[in-house]
Every structure is written in C-alpha cells, then in structure tokens.
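First comes one chain, alone, set out as structure tokens in the form predicted on its own.
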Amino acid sequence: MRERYGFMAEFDDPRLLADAAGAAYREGYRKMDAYSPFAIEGLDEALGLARTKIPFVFLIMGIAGAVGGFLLLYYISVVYYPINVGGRPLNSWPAYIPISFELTVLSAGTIGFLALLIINRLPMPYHPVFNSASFAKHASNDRFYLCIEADDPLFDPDRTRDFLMGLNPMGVIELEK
C-alpha cells in the first residue's frame, strides 16, 4: 500500500459539510480542507482559516506602482531631460497622473496575480483527492467533501475514520498520496 494522504468524508448537503468542518475544528483537527462546487457561507470560519494576505499585496503593489510611476516621470522631466515647454514648471505633476494611475493598475494586477498563484500553491497539476473516483465525478457538480490530512498531529487512522463516520456522511474515502 502506498503512503496515506488522509480520509475524506462525502456529503450531499452544504450545511452538513459546514457543520462537519466546524465539528472537526472543535475536535482539534487543523490540517483539513473542504471541497464544494460553490462557495458556502461560514465554511472558512468553520475550517479555522485565517484571512488571506492577497488584498494587502495588491494594496502595497498599487502604492509602489503609483509612487514608482510618479518618481520616474519626475526624474525624466526634472533631472534627466528638463525642457521648459510654454513656461510651465519642470515639475508639472498633473501631467504625471495618467501614467502613475496606469502603473498602479499594472503593478497591482501583475504582482497581485503572481502572489495569488504563489500563496495558493498553483499551478498544482496533481492532488491526491483526484485519486477518488467519486470526487472526480461529483466534486464540481453535486457533492461536498471534507478531507482530514494524515499530516495532522491529531490524525490516527482508526480514530479519524470513526470520527468522520460519526458525522453521518454518505461515505468515507481513504486517500493515498
């Protein structure tokens, strides 16, 4: 037998999944994940997931892009190649606004997207949950899954299987890596 990844409980109702995730968190399990064909309100709190850092990354990169664009134009217009056009001051900041805005959007979008991929560990061409035929057939349609990983400090094969069976799932699937 190959190395065990964990156990996955299969549910047919989103409320049952959210309740099961909350029960598993209260029981002390921390290395677990839920799979659903649509977002379920309160599921992230039930799993004990922390707020994501993605919005902060977008904000910081947006500010960096705006400041970088403004400083680039200031350097070009005032220091590197100063040209007095129509008697205006060299630092005519209203002309810098469009480029600063564009660099705000470009840097926030590009670096934010890359951060999204890195934080979510994507692309992930293989995951052990796809070894389950039931998951492959139903996960994006009409079933809901709670997976407790074998890496969890509280994981014990018999105890975890019994715990998941006590949540009244349609079935419990053993996953191999």
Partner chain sequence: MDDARLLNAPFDSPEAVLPPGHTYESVGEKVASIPLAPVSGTRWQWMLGLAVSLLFLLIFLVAIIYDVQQGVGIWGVRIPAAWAFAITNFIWWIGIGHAGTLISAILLLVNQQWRTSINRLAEAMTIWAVMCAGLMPLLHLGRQWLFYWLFPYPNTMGVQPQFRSPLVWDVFAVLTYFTISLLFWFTGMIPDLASLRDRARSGFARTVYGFLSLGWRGSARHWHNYQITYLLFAGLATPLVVSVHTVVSLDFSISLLPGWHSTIFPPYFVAGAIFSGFAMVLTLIIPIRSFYGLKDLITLRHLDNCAKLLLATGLIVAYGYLMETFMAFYSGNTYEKAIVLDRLQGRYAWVYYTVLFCNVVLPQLLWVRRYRRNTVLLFILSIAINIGMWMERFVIVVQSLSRDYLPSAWRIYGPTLWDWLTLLGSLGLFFTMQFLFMRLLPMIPISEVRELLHRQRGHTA
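Computed from a predicted model, the values in this text were never measured in an experiment. Positions refer to the first chain, counted from 1.
The same protein also has a form predicted together with the partner chain, omitted here; what follows describes it.
Contact check for P55: a heavy atom falls within 4.5 Å of the partner chain in the predicted bound form. Within this chain, N131 is remote from the site of the partner chain in the predicted bound form, having no heavy atom within 4.5 Å.
Not displayed here, the partner chain is kept clear of R26 by more than 4.5 Å at the level of heavy atoms in the predicted bound form. Although the partner is absent from this view, D33 contacts the partner chain in the predicted bound form, with a non-hydrogen atom inside 4.5 angstroms. Residue I40 is the only one of I40, I60, A150, V67 with a heavy atom lying within 4.5 Å of the partner chain in the predicted bound form. Contacts of stretch 117-140 with the partner chain in the predicted bound form, defined by any heavy atom lying within 4.5 Å, are made by L117, I119, N120, L122, P123, M124, H127, V129, F130, F135, A136, K137, S140, listed in sequence order.
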